[in-house]
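Only one chain is shown below, in structure tokens, and it's the form predicted alone.
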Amino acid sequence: MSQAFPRPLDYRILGISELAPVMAKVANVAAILGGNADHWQANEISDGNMNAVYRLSGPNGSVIIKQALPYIRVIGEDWPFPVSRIDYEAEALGWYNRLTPHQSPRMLHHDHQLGVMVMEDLRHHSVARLAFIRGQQFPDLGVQLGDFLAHSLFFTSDYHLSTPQKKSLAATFCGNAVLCETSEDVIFTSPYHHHPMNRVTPGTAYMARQLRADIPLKLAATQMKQVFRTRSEALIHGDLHTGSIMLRGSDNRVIDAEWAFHGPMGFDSGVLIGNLLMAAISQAGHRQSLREQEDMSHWLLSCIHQLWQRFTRRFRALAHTHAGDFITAMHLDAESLDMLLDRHLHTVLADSLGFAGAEIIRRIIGIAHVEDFEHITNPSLRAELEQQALQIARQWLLKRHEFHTLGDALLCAERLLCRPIQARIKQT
């Protein structure tokens, strides 16, 4: 990686001591913090791969400051990356603030020149992935995630927008092409060959070699890559995994939308379903009690089912009450509209399962792994659980068009789960 990307003329990487003076000039941020800027305290809380993230605290409150670095933070200058990604995240968050105001952090300020965005501080929330590892459950999470998907996807699609509006929205995010290209590489390309940055648990290495030699699987992954590249259906988050969701009781917020673009509806739902499934499978490595493991896994699987049921029902309802000229110009009766929606949502289901399978595979044999498996200290158990997930992922990718309902796909997953592992955990 050697390509450098353009930066705004006045861009510079902010030092932690510069944050207070810069934010003192932003009236609404200064009002939230309160007091004098000399008494504000900044702390770095960066824990993701990409950006510098800080909490700036004052006597009255605190905010989160996120700056896009001109490279990937955890790798350094050897992997340059566009600073402009923060502009697309700010644009996407603006849409989410309007469409799903209670499920996204409030954006307070965006500075294009500095590559900075300032947001509401969710300091009392937990990252969903880590909360699931701890065994925490959250009421109505599946329903709420279904609502987020329905509203964010419907209102940015042809089902609601006019043709000029839809084309304008898609054009707004066209410049985020480098991040789209990176997603194509890390999700659909690199896992299927021997990329130098891929990592594999030793006990999973043999299965990784099998998958990389599996031509039908590689063809299915290529087909999903084509869908990702070509299907412009709605504004998608682009990285909606359980590390991009913050939870506190019944309050959930979607963060980190820097990968956003106008793409296939099934991508966000698929990535989310894939990560919830990995969370469910990995419970065997985090719970000592078989009863606790099964209870948490069952709850996570029910979240998948609930989010899909809520998404499809809410999407249908919105199409009947908030349809744009794409629908209204055809003067369809309710029954005909339902037939159209049936076909569309069946395609979204197939895409979701394909993307879920690709997401699981890339998180186990690709570049970027997840704590769900990485935090399992027993390497042989981790490998066995990863292999279960990979088997399900392969079936979902290959048979995505054969499942008539999400319940069929979940039943397939349950049949592939390895019961001897559960029995062995019970004995430990």
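Keep in mind the model is a prediction, meaning the values are calculated, not measured. So that there is no doubt, residue numbering starts at 1 and follows the sequence shown.
From this point on, the text means the form predicted in complex with a further copy of the same chain, which you will not see here.
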**Study point:** Heavy atom of Arg343 within 4.5 Å of a further copy of the same chain in the predicted complex
**Key:** yes
Check your understanding: With a 4.5 Å heavy atom cut-off, would you call Phe155 a contact of a further copy of the same chain in the predicted complex?
Key -> no
Check your understanding: Within a 4.5 Å heavy atom cut-off, is Lys167 in contact with a further copy of the same chain in the predicted complex?
Key -> yes
Check your understanding: Do Trp79 and a further copy of the same chain come within 4.5 Å of each other in the predicted complex, heavy atoms counted?
Key -> no
Check your understanding: Looking at Gln136, Thr222, Ser289, Gln113, which has any heavy atom no more than 4.5 Å from a further copy of the same chain in the predicted complex?
Key -> Thr222
**Study point:** Residue among His195, Arg73, Arg229, Arg310 with a heavy atom within 4.5 Å of a further copy of the same chain in the predicted complex
**Key:** Arg229
Point to revise | Segment that reaches a further copy of the same chain in the predicted complex - one of 248-256, 79-87, 176-184, 267-275, heavy atoms within 4.5 Å | key: 176-184
Check your understanding: Within 4.5 Å of a further copy of the same chain in the predicted complex, do Phe261, Phe326 and Ala329 each have at least one heavy atom?
Key -> yes
